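As structure tokens, one chain now follows by itself in the form predicted alone.
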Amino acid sequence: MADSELRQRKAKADDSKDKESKKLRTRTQEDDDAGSFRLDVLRVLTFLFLASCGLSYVISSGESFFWGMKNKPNYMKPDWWKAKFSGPIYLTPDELSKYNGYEKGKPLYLAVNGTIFDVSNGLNMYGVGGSYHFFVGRDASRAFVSGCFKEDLTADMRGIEEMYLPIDDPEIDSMWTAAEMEEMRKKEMEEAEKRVYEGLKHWVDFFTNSPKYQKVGYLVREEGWQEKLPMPELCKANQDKRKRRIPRDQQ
């Protein structure tokens, strides 16, 4: 009986040691798994952090690693997405004039050929005291084409093509017949109108395609608004640039 009991006690002791050993291995495995999981999480977080820094650096053109850029792309602005889903706004000239930077909280708007753009990202240029602040709060299409920023801050484009037309000179013009002069003037006008169109389109495309600025809507005017205004004159700078036609015998 003593030997039998001894063997049973020994078997139980061995079973107990095996269980303890299994528990220890299980606990060790669990600790290893937990440590491995924490390490994997740390690796993922480190990768995301470095990827975020790199993406910020690329998008900001080297300005910031931590998304601290001054001029964020449009797609990173809530107002840009809001405008995308809410549709374009429509403002009268008087309403547009209130977006000139003097009223706190309002964005900076300017218009070119009746299209309104948000230029708030160009605060240094278009904000109060900026070198191009005079463009804000209005449609100054004429000035964009003529380059006369003091005289031509208007949307009235009547007569602007004159800046590309030659000056009539009776002595030089007499080298052509009346029919020839009529045809020549027609071609000169067509070319001048084309240059005006291309000049205006350049600026519309510039603001439309710029990553800094956003097209937000359109200007609304009463019909026949130009006829109620005096005919604008060609600014002096562009008047002085006009030349006479090249004499026929020198062409």
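Small disclaimer: the values here were computed from a predicted structure and weren't measured. Residue positions are given as counts along the sequence shown, with the first one as 1.
From this point on, the text means the form predicted together with a small molecule, which you will not see here.
- With the partner removed from view, the residue among 177, 131, 92, 86 that has a non-hydrogen atom within 4.5 Å of the small molecule in the predicted complex turns out to be 131.
- Checking 107, 127, 159, 147 against the small molecule in the predicted complex, a heavy atom within 4.5 Å turns up for just one residue: 147.
- Contact annotation for residue 117: none of its heavy atoms lies within 4.5 Å of the small molecule in the predicted complex.
- Residue contact with the small molecule in the predicted complex: residue 206 places a heavy atom within 4.5 Å of it.
- Contact check for residue 143: a heavy atom falls within 4.5 Å of the small molecule in the predicted complex.
- Residue heavy atoms within 4.5 Å of the small molecule in the predicted complex occur in exactly one stretch of 207-215, 40-48, 183-191, 220-228, and that stretch is 207-215.
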